[in-house]
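Only one chain is included here, represented as structure tokens and corresponding to the form predicted alone.
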């Protein structure tokens, strides 16, 4: 999943989290497919961010998933014999993969 600016959202993207109003009411539920009408409504309600499934927007300077996984491998390369740290490494890598959906 990726949090993006509402202005970056496109028709067909799927919400990965509920969009809330400033009054903490659910405006759009998780799993909603964004339409042009819905995007216009979000803009009119000054909703700045939405969280969508996958990783549809490439941001300048952002690392690819492969680069991030490689960086984790490098960070843990000196502690391969320490089981608790290897467990943490696997958890981090799993979360990175899941976040990119």
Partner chain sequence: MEDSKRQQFRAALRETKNLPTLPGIVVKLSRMADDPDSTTEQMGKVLSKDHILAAKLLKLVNSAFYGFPQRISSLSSAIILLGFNVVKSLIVSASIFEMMEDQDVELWEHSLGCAVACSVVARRIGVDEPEEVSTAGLIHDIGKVAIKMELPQEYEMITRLMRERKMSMRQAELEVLGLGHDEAGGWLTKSWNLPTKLIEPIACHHDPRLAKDEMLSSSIIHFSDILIRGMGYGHAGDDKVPALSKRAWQLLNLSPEDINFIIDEVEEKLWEVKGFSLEIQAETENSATNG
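Take the two forms, find the largest set of C-alpha atoms that superpose within 1.5 Å, and that set is the rigid core. Note that the coordinates shown come from a computational prediction; the quantities given were computed from them, not determined experimentally. Positions refer to the first chain, counted from 1.
The following text describes the form predicted in complex with the partner chain, which does not appear among the structures shown.
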* Asked: Hey, in the predicted complex, does residue 78 get a heavy atom within 4.5 angstroms of the partner chain?
  -> yes
* Using 4.5 Å between non-hydrogen atoms, is residue 5 touching the partner chain in the predicted complex? -> yes
* Quick one: does residue 74 come within 4.5 Å of the partner chain in the predicted complex, counting heavy atoms only? -> yes
* Any non-hydrogen atom of residue 33 within 4.5 angstroms of the partner chain in the predicted complex -> no
* To do: Check each residue of 30-48 against the partner chain in the predicted complex and list those with a heavy atom within 4.5 Å, in sequence order.
  => 48
* Rigid core superposition, residue 75 Cα moves 2 angstroms or more between the shown form and the other one -> yes
